[in-house]
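So this first bit is one chain, no partners, the form predicted alone, shown in structure tokens.
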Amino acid sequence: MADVMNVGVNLEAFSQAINAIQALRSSVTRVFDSLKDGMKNKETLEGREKVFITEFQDNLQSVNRDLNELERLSTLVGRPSESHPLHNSGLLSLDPVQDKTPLYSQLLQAYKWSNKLQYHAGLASSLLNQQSLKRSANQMGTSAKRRPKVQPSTLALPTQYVDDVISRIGRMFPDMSIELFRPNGTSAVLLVTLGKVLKAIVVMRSLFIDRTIVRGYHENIYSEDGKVTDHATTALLHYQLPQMPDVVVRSFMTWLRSYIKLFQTPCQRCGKYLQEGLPPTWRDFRTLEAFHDTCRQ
């Protein structure tokens, strides 16, 4: 087991690098302590300044010396032969016993599958809660001839009407850029940009929003979905009014625009800007107030 873990890593240099990190932290601490204490009591102002500058220069030189030593050792450490995306469970792949070797790959596959299952189960639950599945005995017994005719759907709307609705929404929010494309005929694709914070792709069928993907301003659009994309999908399920699709689009764009101050608005419950390194990514559907994902529950 030890031989497998040593592949690609110089353990002796690694141990020296840890000691160098501790020495560097001590040197940096002395620098800040020197700045905190200020000039010590001396008979003259010139003497105090001279002693302070001398001690400060010595501390900075010590930091520079420790930093150079750490950089030298970092080149000797090397890199591990395999990354472990599941933290300590990744060490299971290093077990030389044959019957335990595939356990890590199976664990990774089960982790991805359970995440997808939870995501799709949440979407299915939200859709089913909005639909009435009750059937009365009279409805089950009626013939097909007596059933009321299905009203015609309003999915097929003129493209000019859709363009006018999107144009009006764009004029309502001058700080939000909306670009409309039609790559495959009549279906519209919107590229929404919120300042330098977020960008979103909204896929539409006529005037009905089919899907949305939200990314950071400099983030790759093909990267893995994040929390804001999940919240936007939930918002699409919340804003459902088939009889007035233009109101749905306007309501969703109003909700999406609330993210323009994502990093400037604190959580309305805990009052913090960051929690576990993340800003408040949830926006209330009615009040648009910001909450952390754990604070909203």
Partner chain sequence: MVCVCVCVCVCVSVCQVPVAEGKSVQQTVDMLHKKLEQLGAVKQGNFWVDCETYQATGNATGQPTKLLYVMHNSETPLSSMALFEGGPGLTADANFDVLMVKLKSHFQNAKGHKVESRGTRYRYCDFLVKIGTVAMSSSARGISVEVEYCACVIPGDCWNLMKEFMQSFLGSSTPELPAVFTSKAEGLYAPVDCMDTMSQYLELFGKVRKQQVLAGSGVR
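Numbering follows the first chain given and starts at 1. Every value quoted in this text rests on a predicted model; they were computed, and no experiment measured them.
Not pictured, yet referred to below: the form predicted in complex with the partner chain.
Segments offered: 267-275, 47-55, 240-248, 62-70. Contacting the partner chain in the predicted complex at heavy atom distances within 4.5 Å is 267-275.
This chain appears without its partner; in the predicted complex, the one residue of K112, H120, R171, H218 with a heavy atom within 4.5 Å of the partner chain is H218. The partner chain in the predicted complex comes within 4.5 Å of no heavy atom belonging to K116. In the predicted complex, none of the heavy atoms of F32 sits within 4.5 Å of a heavy atom of the partner chain.
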